[in-house]
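The same protein chain appears twice below, in two forms, each given on its own as structure tokens and labelled structure 1 and structure 2.
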Structure 1
Amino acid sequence: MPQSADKVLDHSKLFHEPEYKEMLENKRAKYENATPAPQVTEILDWTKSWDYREKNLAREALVINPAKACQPLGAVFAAAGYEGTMSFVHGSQGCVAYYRSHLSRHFKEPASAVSSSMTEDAAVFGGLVNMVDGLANTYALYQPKMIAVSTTCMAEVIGDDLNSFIIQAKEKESVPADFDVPFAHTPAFVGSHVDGYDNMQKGIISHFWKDAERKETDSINIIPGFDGFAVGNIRELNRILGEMGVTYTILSDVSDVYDTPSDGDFRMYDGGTKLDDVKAAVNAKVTVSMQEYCTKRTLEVCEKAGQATEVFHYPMGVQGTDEFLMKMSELSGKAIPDSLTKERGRLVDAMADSQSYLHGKTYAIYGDPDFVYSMARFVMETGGEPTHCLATNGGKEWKAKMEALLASSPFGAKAQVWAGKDLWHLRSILATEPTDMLIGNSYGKYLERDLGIPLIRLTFPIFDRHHHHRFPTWGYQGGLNVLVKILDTVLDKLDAETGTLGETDISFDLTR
């Protein structure tokens, strides 16, 4: 066996050694009662047929690998974007470990959150004691400026009242009476992470704006929405609006907390929207959402406060960025500078340079509703065809918007919109109606392996690649980044198809 202190193999190579192959084969034979290989192959082939597809798409009582996560994940993400804020999840430790690991694996950064550690007794008698002790420990140990409370399934099923629990915890001096403890009910068994993000944003804003006397200013509030590329996108947003000279406040700025430097100092809290700025944000004349489906409830609070609201769908590519910049210019009275106009021209030029490789390419796109909408629009700008558009957390309204978008271009003529479907549905769809490429998150790698369709990773979560989130996808510069990712995949595929020595390499060109 080659494994030793002097020669340590990574698991990707270690388990291919003869000793491990023999061990695993013996395990299958003795303990797993494995189905014979020919039968496995026969069934696997059948699951790629139209017959299986019809049965799979008719499925109602089961969800297999949904392209979404649960509400509390979105709540933890939203809370992380505020100054000195610790997420306190009222539920079990295991649930909170999932949220932390999910965010840490994507951003490659620590994701801090604590739990009320509810167990069987709390599930029967309620979690008040857990809340009282948990808030006291969180305040003493982690010294936050704010504690943002959300819930898991357990707390919601038994009906724990967060408002009442927080009041009682303050009465028992777990935290000072004037300490900020906003909350949101985020049941994990309904909705998705975008709803949890929305509920927590609503909870935080409502907490700070309650009974506030509003004095309108020229400032603009911006809510980014749940975004796996938030580090790069929020910084790009700051750059663009800075060049325009816009006065604005980003509500939940996670760009620093999920991209802390290695300089010898651990930062449990870094950056984030200042709490004083959140209080002052009630005076803004308008609140702008970068992702409509992440902010529906939050925008209702803004409207009730007397603010105008505007919504976008993940502004990426030429048209998406045009619409955003023109609206910001209209709202702020600031002109779009020549520097941004030049960036637009460079993106258009890059798209034109590569048009011959992009025209007519077909795509399957999956992810959150706003992302799928924006990605499909950008694909059509390049001359591509978004053949399948799927959002597990997309509903009838989203489907109608998608169909209207696709109908606006000849490149959307063949597109199909799949609202509420999961990635096992998408497997059947692609096995029977394949596309040239697949755009989504890391979970698509299993579809790539199974069906041979190259995957382009452009949305949360990305676990099996590093540092994508540090580069923007919003704006003209972000559109250029996305264009390069798509082109690299197209050209890698072309090289693979023309690289067989003596057979296909007559077209294995140096210049593409």
Structure 2
Amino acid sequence: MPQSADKVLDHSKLFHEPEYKEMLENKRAKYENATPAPQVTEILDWTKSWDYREKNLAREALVINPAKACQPLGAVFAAAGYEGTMSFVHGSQGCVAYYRSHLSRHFKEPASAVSSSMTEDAAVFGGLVNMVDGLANTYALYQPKMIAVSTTCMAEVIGDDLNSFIIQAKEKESVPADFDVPFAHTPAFVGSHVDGYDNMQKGIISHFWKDAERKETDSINIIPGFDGFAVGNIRELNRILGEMGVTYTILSDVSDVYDTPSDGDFRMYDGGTKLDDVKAAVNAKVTVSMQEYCTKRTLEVCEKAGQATEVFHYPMGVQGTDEFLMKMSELSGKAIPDSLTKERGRLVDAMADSQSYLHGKTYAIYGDPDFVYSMARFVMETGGEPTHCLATNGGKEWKAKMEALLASSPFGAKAQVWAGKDLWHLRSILATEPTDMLIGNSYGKYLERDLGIPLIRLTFPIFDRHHHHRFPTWGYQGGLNVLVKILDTVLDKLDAETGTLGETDISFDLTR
């Protein structure tokens, strides 16, 4: 009997005890109708071949392990960044359970959102009653300052009209007539979570700006975009801009709501962009997007309002941060302080100290389009080669932009860009053309296991490591965090490869 109270074995050890191994072998042999082991091995090897790769890359219909979610997730994330805001997702209720779980698993934090709980009758008659009753209930129970409405694909397929429904709900006094209920149609069958983020930002800004009379100020709006590291990154942004003395408004600041303290109180709402600040944001002279592919439609609204716009692709690393700071300096008229110049020098110093371990290393990078762009650029700054760059939710335009970036450096010469491909495609790609490292999210662990390529978790979602999102990846300090994660992986790998006693450990060096 393997179990004991003294040393309790859970799943990670228990099932490798002889009793269980024998039981599972017996089950497989007798009842599973399992494929004989040699054939399993044969197929496993084949899945890593060029032949399989060609067939896999020729897929036209089936999508396997895509690195993207659907629009409403992005909408819920965007809305969470506003003061006292409850997301109300119109449609089937299971979707909301999914978004909440997904966000909680990444941030290790509460994620609040409600559903209008539409069922079969609503599919036939429309979801007006659900909207009317639902808004009244949400308003009464959760006392939000704003309710941001988005949609599941069910409501989109049957064609519910949010604008009209919200007007009717207000007529029926579900919420006061002047209560803020911005909305966004977020069909899951168009684009991905980054588009949902965009649509919700557009919905919120349009709601507050539609009748505003604009009086231009020197203020700058900043839209962070969908970002799993938002907690660390937005705080870093605040610190940097504070040091520069820039006047700015972050539109959707989730840093506090997804990082509330444990002190005995559950804060359903915390922090976020003040609603008055969103209203005033129409007067800003410019809106800066930190992630172009999260804000295309939103920036159109800003431009229509008379603002200038600037876009970045998730600025990371030395040049990404340089450009961001110089742009902020140019827009605000404030100089970049020596303190930040010194920070820059420290990041460059760290890169110089460690360059011998990074030069020539190859990487596969996947994630949202803006992230992959910046990550590839940072890798090239360290002398690394971003051999495979993949975004399931990246299109032709992104591909062209990536190719231009890669062409700008000799370290990009051998790189390939994979727009619209999924992580099962990436498995074939890496099985046939492996890299030294893989940069992505938790889902990459299956590739790491199958192919032995170490994974560095640097983008959403990260379920199986805790708290990384509390540290920034933006700015020079963020660059340092990213650099250290890459370096730790390189050096851990080197130690593992040279760590077998009496066999490979001649170069198990103390100092590296």
Partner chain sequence: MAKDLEDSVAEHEKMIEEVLSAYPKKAQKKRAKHLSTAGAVEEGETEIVSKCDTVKSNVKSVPGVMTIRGCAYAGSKGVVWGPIKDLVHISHGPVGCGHYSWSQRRNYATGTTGVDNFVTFQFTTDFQEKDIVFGGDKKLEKSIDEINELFPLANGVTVQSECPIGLIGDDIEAVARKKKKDIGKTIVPVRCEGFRGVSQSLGHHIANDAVRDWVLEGEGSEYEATDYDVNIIGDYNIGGDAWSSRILLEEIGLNVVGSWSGDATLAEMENAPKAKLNLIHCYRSMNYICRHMEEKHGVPWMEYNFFGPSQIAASLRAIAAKFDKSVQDKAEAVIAKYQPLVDEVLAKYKPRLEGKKVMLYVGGLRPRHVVTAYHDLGMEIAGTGYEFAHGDDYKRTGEYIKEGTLIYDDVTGYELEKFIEQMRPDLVGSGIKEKYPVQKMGIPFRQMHSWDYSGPYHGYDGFAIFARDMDLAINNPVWAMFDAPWKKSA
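Start at 1 and count along the sequence of structure 1; that gives the residue numbers used here. In this text the structure is predicted, and so the values were computed from the model without any measurement. Just so we're on the same page, rigid core means the largest C-alpha set that superposes within 1.5 Å between forms.
*Asks:* Please identify the form predicted in complex with its partner chain: structure 1 or structure 2?
*Replies:* Number 2 is right.
*Asks:* With both forms fitted on the core, give yes or no for whether the Cα of L14 moves by 2 angstroms or more between structures 1 and 2.
*Replies:* Comparing the forms between structures 1 and 2, which are aligned on their rigid core, L14 does shift its C-alpha by 2 Å or more.
*Asks:* Give the turn angle of the smaller rigid part between structures 1 and 2 in degrees.
*Replies:* Hinge rotation between structures 1 and 2: 12 degrees.
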